[in-house]
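Okay, so here's just one chain, in structure tokens, the form predicted on its own.
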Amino acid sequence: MNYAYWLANIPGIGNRTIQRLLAQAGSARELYFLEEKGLRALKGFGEKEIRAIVESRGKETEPAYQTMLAKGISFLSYEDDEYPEKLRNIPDAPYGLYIRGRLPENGKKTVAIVGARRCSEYGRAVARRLGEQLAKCGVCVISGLAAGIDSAGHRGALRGGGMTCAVLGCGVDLCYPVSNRELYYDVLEEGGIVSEYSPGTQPLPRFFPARNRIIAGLSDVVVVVEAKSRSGSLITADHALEQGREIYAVPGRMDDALSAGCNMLIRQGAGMIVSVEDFLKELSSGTFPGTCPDSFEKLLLEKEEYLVYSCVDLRPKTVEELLLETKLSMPELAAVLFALMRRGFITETFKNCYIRRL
């Protein structure tokens, strides 16, 4: 019998109650065999909790557990050695995790990409590019499979040929939102789906703020791409701050509601992402030393391409300005600009004016 699975599925016994029980009983197995007299001797528990534990012992959980395994869903408890190390020491760590696919191995570098469901096309492009370049550097992208920024981060990681994991606010056997069904299976193929809620649990609103602590907890760094002044992404950032994680945000226009949350985070001390390659370099020199050294330069085929790219910024520059700054000939510059546009590093905003793509 899997005693941890039994404990995680006692009706009316939540995560914090489980933690308090184990602090006194020692393990799920010891709690299972503890006589009723011993249960009543535990401090801080009322008749309701005692009754729930006693009555649950008479219910056979093994068939449900085996059925779950047959569906390709595994269960990890806090008592298992394979439990993610990043989650162990966070406040209110989930006792049980239900997993389809696989989680990142302990020690693997992870970055969460979160943001608004109703995002702008700019925000979607930034999240997708961040996910792709992080994946190319061997970093696992964590998010929540929600519409908008979350989905873009997952898709970027998949496009980059890397691993990505989704943390759900429902059972792992349910795809929410339903419109992301194709993405759900793509994530499952290249990474994993995880939840603290048992299979079949419906996506209720109260579950999503709680799942955000797991998104932050599985990550070394949390990146907020777009967020309103009150949003679930800021809840994730709050959890990340509480857990001692690094927080980065993408700045936006001061009159844009989708930028209010990000700009506020930056004002409060979060790292600011002004370009993807600079962010990668910062991670490589700090949080992830040696993970992605000179990652951007390796993506470029020729030194002239890097020279031109370094001269292009978030303000459109004309061909004349670039000729002056790079000292290249017109044919050389034209060839490099075409190559950079083809690879998605720059875009032509209007005729002969170029801007850097994040």
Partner chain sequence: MYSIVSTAVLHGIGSIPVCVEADVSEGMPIFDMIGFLASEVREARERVRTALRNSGYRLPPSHVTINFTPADIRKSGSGFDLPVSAAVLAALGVIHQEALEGTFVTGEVGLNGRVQPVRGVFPMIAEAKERGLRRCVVPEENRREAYMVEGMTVYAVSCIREMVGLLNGDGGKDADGSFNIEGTCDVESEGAQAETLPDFSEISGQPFIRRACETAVSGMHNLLLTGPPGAGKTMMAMRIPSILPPLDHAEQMELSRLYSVSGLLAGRDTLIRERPFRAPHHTVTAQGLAGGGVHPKLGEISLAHKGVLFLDELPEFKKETLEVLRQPLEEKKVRLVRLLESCEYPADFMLVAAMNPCRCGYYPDVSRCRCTALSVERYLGKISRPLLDRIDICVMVPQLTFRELLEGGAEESSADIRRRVLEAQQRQKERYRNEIFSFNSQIPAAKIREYCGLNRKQESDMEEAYRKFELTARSYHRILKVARTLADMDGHRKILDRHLGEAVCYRSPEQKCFGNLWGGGGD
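These numbers come from a predicted model, not from an experiment. Here the rigid core means the biggest group of C-alpha atoms that line up within 1.5 Å when the two forms are laid on top of each other. Positions refer to the first chain, counted from 1.
Below: the form predicted in complex with its partner chain, not depicted.
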Which among 259-267, 79-87, 145-153, 98-106 is in contact with its partner chain in the predicted complex, heavy atoms within 4.5 angstroms?
145-153
In the predicted complex, do 15, 28 and 42 all put a heavy atom within 4.5 Å of its partner chain?
no
With heavy atoms only and a cut-off of 4.5 Å, decide whether residue 344 touches its partner chain in the predicted complex.
yes
Taking 4.5 angstroms as the cut-off for heavy atoms, does residue 120 touch its partner chain in the predicted complex?
yes
So in the predicted complex, does any heavy atom of residue 356 sit within 4.5 Å of its partner chain?
no
Taking 4.5 angstroms as the cut-off for heavy atoms, does residue 46 touch its partner chain in the predicted complex?
no
I need to confirm a contact call. Of 52, 311, 64, 319, which residue comes within 4.5 Å of its partner chain in the predicted complex, counting heavy atoms only?
319
Students should find that, of 245, 211, 129, 228, the residue having a non-hydrogen atom no more than 4.5 angstroms from its partner chain in the predicted complex is 228
Quick check: residue 346 between the shown form and the other one - does its CA shift reach 2 Å or more after fitting the rigid core?
yes
Taking the rigid core as the reference frame, is the Cα of residue 337 displaced by 2 Å or more between the shown form and the other one?
yes
Rigid core fitted, then: does residue 311 show a CA shift of 2 angstroms or greater between the shown form and the other one?
yes
Pairwise C-alpha change, residue 121 versus residue 316, in the predicted complex against this form - closer or farther, 3 angstroms or more
closer
Indicate closer or farther: the Cα atoms of residue 345 and residue 278, in the predicted complex, relative to the displayed form, with a change of 3 Å or more.
farther
